[in-house]
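Single chain ahead, written as structure tokens, the form predicted alone.
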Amino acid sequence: MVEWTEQERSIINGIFANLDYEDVGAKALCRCLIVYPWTQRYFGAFGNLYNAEAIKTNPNIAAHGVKILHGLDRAVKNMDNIKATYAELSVLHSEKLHVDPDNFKLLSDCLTIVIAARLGSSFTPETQAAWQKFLAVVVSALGRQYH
């Protein structure tokens, strides 16, 4: 079990309280698909992903980015039991979708970049430490079924 300080909880809740899901979700997933093009293979049913502009303007990608952030809401609301919270999603991604678990880390890195850009100087080292700890726990929980 992960131990969270009150400061870490406050930082994570603060980030989510002010998050523009439509903007941040879309930008994070787009960045992941553009920077790491091999991740596109899981989104074949999403239509045109032939270049960066097509990815950025694809409504299915934008909608899935929002869905991912709402999925992270579940972790925020269940910070003391993130592994159990993501047990079903872990099974889905490993057994049905066959997503390479390394892609969760790539997406979390892209999300961190987008969040840092939005927060600017408010994205302090302490904020980054709490944020990356949170995402590391989520990534571990999503990859749990693979072990």
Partner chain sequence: MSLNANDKEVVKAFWAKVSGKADAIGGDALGRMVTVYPQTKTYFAHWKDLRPGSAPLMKHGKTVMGGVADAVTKIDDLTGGLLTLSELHAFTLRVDPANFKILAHNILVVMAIMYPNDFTPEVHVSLDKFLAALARALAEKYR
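Numbering follows the first chain given and starts at 1. All of these numbers come straight from a predicted model, not from anything done at the bench.
The following text describes the form predicted together with its partner chain, which does not appear among the structures shown.
Q: Verify the contact flag for Y42: yes if a non-hydrogen atom of it lies within 4.5 Å of a non-hydrogen atom of its partner chain in the predicted complex, no if not.
A: Y42: no, not in contact with its partner chain in the predicted complex.
Q: Tell me, yes or no, whether Y21 is in contact with its partner chain in the predicted complex, where a contact means a heavy atom of each within 4.5 Å.
A: No, Y21 stays farther than 4.5 Å from its partner chain in the predicted complex.
Q. Is A116 a contact residue for its partner chain in the predicted complex, using a 4.5 Å heavy atom cut-off?
A. Yes, A116 lies within 4.5 Å of its partner chain in the predicted complex.
Q) Heavy atom to heavy atom, is F16 within 4.5 Å of its partner chain in the predicted complex? A) Result no; F16 lies far from its partner chain in the predicted complex.
Q. Just one stretch in 74-82, 106-114, 59-67, 42-50 has heavy atoms within 4.5 Å of its partner chain in the predicted complex, so which one is it?
A. In short, 106-114.
Q: Select from 7-37 the residues with a non-hydrogen atom within 4.5 Å of its partner chain in the predicted complex and write them out in sequence order.
A: Stretch hits, in order: R31, I34, V35, Y36.
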